[in-house]
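Shown below, as structure tokens, is a lone chain in the form predicted on its own; questions about how it binds or moves come after it.
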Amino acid sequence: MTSYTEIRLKEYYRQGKITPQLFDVVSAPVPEPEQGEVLIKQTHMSLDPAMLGWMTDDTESYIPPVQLGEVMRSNGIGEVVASKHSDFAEGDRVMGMLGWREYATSDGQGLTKLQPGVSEEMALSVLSLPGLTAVQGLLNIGKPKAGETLVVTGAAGSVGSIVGQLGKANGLRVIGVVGSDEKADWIVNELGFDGAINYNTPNLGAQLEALTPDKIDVFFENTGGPIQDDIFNRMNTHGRIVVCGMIADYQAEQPRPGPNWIPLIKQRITIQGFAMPDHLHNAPQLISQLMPYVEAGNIKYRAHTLEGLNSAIDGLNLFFSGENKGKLLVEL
């Protein structure tokens, strides 16, 4: 093969559905690695909600946006097909920020070798950003204690599902908020959550009250939406709220108004937002925190795999519709 396909950002995302008009799909010559570089043929690519922010022109966010004309940013896994780098050999499977393209060159910075026996799905679903985010957010910020109650929104997603399982492994009562009865069944009967709420059903407050008889100590927020107020109002004294995402507001013309702050004073609640670029330098430590749970069989996952590079464009809309089931991946 002398050419390959890559997808570049052509227009910034504003609002509404992700459309092909935002991107340029181009053909480019397959590069030759220079001294100290490797050439990688990408096989699996991760789709993540954070991409929706990377596609805007928000220069005040936690990470600079993708520049117009640049290859769309993403994490992925590929095989080294040519190497002029002493640390990598042809045939090595590596993971890193490869972008929306079939081939990429790298100087090795940020590349991680996959160990034998670790599948591409396992690496991107657990050992990559989802698992690191879950560990940092729940264990290091939420600081759960056995016997407490944890509520996690987006509980069937790549991050939320791991957060809930970490909570169960640490002796918490875990309630998940999801967008369908099928997802509710999965997190309860497959992942071991103590209860689930489908946010598309009525009487959310009453459902939450019934499932949290001792109220809520830790709230891991991935989505926003109306149920946020109900959860906030059931927080216990000295409760912790960990804010990871607000996907319900990403398409809104106006974000939902926040809750009244008086309960923050009365209940001495701690709220902390976080973004993983601040913590990626601690990735080895986070992996070491996660691996005992993986090795003990405490972490299950499922992957929702799309086929072909171009499927990434429409695939991003699954985050808005909630139709993705598990970690969203593209197999090239």
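If you're wondering where the values come from, they're calculated on a predicted model, not measured in any experiment. A residue's number is simply how far along the shown sequence it sits, counting from 1.
Keep in mind that the form predicted together with a small molecule is not shown, yet the notes after this line are about it.
Proximity of G154, V159 and K183 to the small molecule in the predicted bound form is complete: all three residues have a non-hydrogen atom within 4.5 angstroms. Only one of 96 to 104, 216 to 224, 164 to 172, 254 to 262 lies within 4.5 Å of the small molecule in the predicted bound form by heavy atoms, and it is 216 to 224. The partner is absent here, but in the predicted bound form a heavy atom of M246, alone among I141, V80, M246, M122, sits within 4.5 Å of the small molecule. Only one of the listed residues (T133, S74, T212, Q228) places a non-hydrogen atom within 4.5 angstroms of the small molecule in the predicted bound form, and that residue is T133. In the predicted bound form, G322 approaches the small molecule with a heavy atom inside 4.5 Å. The small molecule in the predicted bound form is approached by Y199, whose closest heavy atom lies within 4.5 angstroms of it. The small molecule is not drawn, but in the predicted bound form it has a heavy atom within 4.5 Å of P49. Taking the partner from elsewhere, L129 is found to have a heavy atom lying within 4.5 Å of the small molecule in the predicted bound form.
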